[in-house]
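Single chain ahead, by itself, as structure tokens, in the form predicted on its own.
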Amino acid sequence: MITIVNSNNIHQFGPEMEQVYKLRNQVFVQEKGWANLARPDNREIDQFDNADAVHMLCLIDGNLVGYQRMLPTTKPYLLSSVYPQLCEDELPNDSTTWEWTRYAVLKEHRARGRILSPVANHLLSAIVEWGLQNNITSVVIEMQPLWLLRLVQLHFRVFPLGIAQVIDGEEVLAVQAFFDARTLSRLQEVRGNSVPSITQISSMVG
């Protein structure tokens, strides 16, 4: 369900990554109205799409239906470089903490009256599976405060890094969310099965 793409194998996923940039443009530029991200080619790409990024693609029959990007906090990342004002104390900076960014799900695969859609569940499960495989225990997220309850319900341990602020017309809160095997069990319980979400495990960190 989830394919991991990083600097080791990104050359094998040219068409899929083009779908990624188009989906990101659809969600963040067209739907959210983040005009500063707009490009003439309708592809949303930024300075963090570099060799350190780990891309997680949710593909169904070769078609991208969901996506998220992970960035190491030991290198420049979105919170540290673009939104440091959201963090009131020391910015997370260690190998066990990565930043979760550019989460995007195709409109027809989003939740309707459920805690998570199947695609969203696989994406979150992939973070935890990937983390457990790579000695990663937490993620930094810039998100709407309404996500707090949802993450707690999914057995993430969530700690705000500052107070919510309005950015681009949207209330945004930076948090650090810790996870472990109990988080994965909860996600599998919500999904109704324990089949791994990641379809390839090797070379998961670039």
Partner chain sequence: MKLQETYDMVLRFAICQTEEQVSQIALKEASRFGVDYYFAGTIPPEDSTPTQQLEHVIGGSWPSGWGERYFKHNYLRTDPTIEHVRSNNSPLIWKNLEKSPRFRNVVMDEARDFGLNHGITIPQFSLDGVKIGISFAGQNMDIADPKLQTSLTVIGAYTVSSILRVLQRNYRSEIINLTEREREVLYWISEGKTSRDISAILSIAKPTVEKHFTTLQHKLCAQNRTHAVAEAMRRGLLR
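Positions refer to the first chain, counted from 1. Values in this document were obtained by computation on a predicted structure and should not be read as measured data.
What comes next is about the form predicted in complex with its partner chain, which does not appear here.
S.K.: So if I measure heavy atom distances to its partner chain in the predicted bound form, which of the stretches 127-135, 96-104, 82-90, 67-75 falls within 4.5 Å?
M.R.: Result for this chain: 82-90.
S.K.: Check whether residue 37 has any heavy atom within 4.5 Å of a heavy atom of its partner chain in the predicted bound form, and answer yes or no.
M.R.: No, no contact at 4.5 Å.
S.K.: Look up in the predicted bound form whether residue 53 has a non-hydrogen atom within 4.5 angstroms of its partner chain, and give yes or no.
M.R.: Residue 53: no, not in contact with its partner chain in the predicted bound form.
S.K.: Would you please decide whether residue 164 lies within 4.5 angstroms of its partner chain in the predicted bound form, comparing each non-hydrogen atom pair?
M.R.: The answer is yes: residue 164 has a heavy atom within 4.5 Å of its partner chain.
S.K.: Going by a heavy atom distance of 4.5 Å, is residue 32 a contact of its partner chain in the predicted bound form?
M.R.: Output for residue 32 is no: heavy atoms all beyond 4.5 Å of its partner chain.
S.K.: Could you tell me which one of 46, 41, 180, 171 places a heavy atom within 4.5 Å of its partner chain in the predicted bound form?
M.R.: The residue from 46, 41, 180, 171 that makes the contact is 171.
S.K.: Using a 4.5 Å cut-off on heavy atoms, what residues in 33-66 are near its partner chain in the predicted bound form?
M.R.: Not one residue comes within 4.5 Å of the partner.
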